[in-house]
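The chain below stands alone and is given in structure tokens; this is the form predicted alone.
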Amino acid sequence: MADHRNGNPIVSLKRITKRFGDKTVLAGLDLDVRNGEFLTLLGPSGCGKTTILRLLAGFESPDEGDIFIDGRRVNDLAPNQRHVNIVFQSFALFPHMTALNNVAFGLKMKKTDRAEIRQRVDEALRMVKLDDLADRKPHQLSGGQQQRVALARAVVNRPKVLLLDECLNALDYKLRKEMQIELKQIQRRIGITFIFVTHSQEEALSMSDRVIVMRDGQIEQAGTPRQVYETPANLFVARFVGEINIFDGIVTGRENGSTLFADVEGVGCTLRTPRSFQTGDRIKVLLRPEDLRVTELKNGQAVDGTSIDGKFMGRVLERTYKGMTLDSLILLDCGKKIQASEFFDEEDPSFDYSIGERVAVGWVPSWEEILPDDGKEPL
């Protein structure tokens, strides 16, 4: 057995290739999952997320490469020999069984001692806060309660790894938010490794210890939610994970190693980046909506008295009040539309500007992310 105290992964995929007919879904993929972490596979439909889960669960076999779980090669092991359980989007509960019997089903199939079954099932139902609803059948439970029964049924078998395949999709928005919190709390409490598949950026960022962003069977970036959101590895990740504004620029000079001078959409800007660029290089300047600062203009000057040098001029197209924030759609003079999101303060006169008004748009220095322009439009 692997010694996870020394940092050995609980799951390892080594050079995994999987094909379905003429289509290669995964091509030479490598991935290690640490013991006890909440790992999320994030990406668009068809990128290979669910295929990875099915390979781990034993429902599919790799065409090339090896799968290791807890230090053991499992390529040829049946699903019931892998110490892995899976929770599906549909929950797949037995409609004629009570919640208690649904949770106990796997243990009964293993011919576990009756007293141990009762003890473990009671423990699992308490964990998901359903011990008082143990005698109800699925149709007598809400969607969130059914989801928790499915989760209890999976963890009662004490798997080394729990696989969750877009299991929150069937829930309404409010319940989905609640279950995001509950899932993470349960995972911390029981200490089992969770591998969660989703195409929702919000779920990935709010629940995960680490996020794997995928495209076309390849890993585009692996990192903490903050790393993936704030320092995307490329333009695909930047556009896929959250809202972002992308400006075109050309480097006009450099000094002190990390300071760039650039023409960005016709505006001379001073930028900061650890990346190495040369004069004449084409770049992309990335700014999240919440990074931008919007100031009303009167007679060509900022009403708050700040300088408009290095800022973009434009006019407000739309304003959307969202409680804590005000979101603006702004058409810049260069023709680009951008989004800005600002914390709402009714006492702040800078929020007095309305649709059609002229504004200046800037950002906090060093909050920009700079990437090379590879000439490709991300999907």
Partner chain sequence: MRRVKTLYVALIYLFLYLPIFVLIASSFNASKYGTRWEGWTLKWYYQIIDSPLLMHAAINTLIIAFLAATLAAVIGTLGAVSLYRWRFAGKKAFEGLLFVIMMSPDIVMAISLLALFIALGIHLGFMSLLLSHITFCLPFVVITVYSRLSGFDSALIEAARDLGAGEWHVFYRIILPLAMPAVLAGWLLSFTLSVDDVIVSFFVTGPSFEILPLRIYSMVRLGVKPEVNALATILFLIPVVFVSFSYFLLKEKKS
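Predicted, not measured: the structure shown is a model, and the values here were computed from it. Positions refer to the first chain, counted from 1.
Note that the form predicted together with its partner chain isn't included here; everything after this is about it.
Would Arg54 count as touching its partner chain in the predicted bound form under a 4.5 Å heavy atom rule?
So Arg54 counts as contacting its partner chain.
Taking heavy atoms and a 4.5 Å cut-off, does Gly266 contact its partner chain in the predicted bound form?
No, Gly266 is distant from the partner.
For Met97, is any heavy atom within 4.5 Å of its partner chain in the predicted bound form, or not?
Residue-level check for Met97: yes, a contact with its partner chain.
Is there a heavy atom of Arg148 no more than 4.5 Å from a heavy atom of its partner chain in the predicted bound form?
Answer no; every heavy atom of Arg148 is more than 4.5 Å from its partner chain in the predicted bound form.
Ok, Thr198, Asn234, Asn157, Thr295: which has a heavy atom sitting within 4.5 Å of its partner chain in the predicted bound form?
Of Thr198, Asn234, Asn157, Thr295, the residue with a heavy atom within 4.5 Å of its partner chain in the predicted bound form is Asn157.
Would you kindly say which of Arg188, Arg272, Lys177, Lys108 lies with a heavy atom within 4.5 Å of its partner chain in the predicted bound form?
Of the listed residues, the single hit is Lys108.
Quick one: which of 252-260, 297-305, 117-125, 72-80 gets within 4.5 Å of its partner chain in the predicted bound form, going by heavy atoms?
That would be 72-80.
Would you mind checking 86-100 for residues with a heavy atom within 4.5 Å of its partner chain in the predicted bound form?
Contacts from 86-100: Ile86, Phe88, Ser90, Ala92, Leu93, Phe94, Pro95, His96, Met97.
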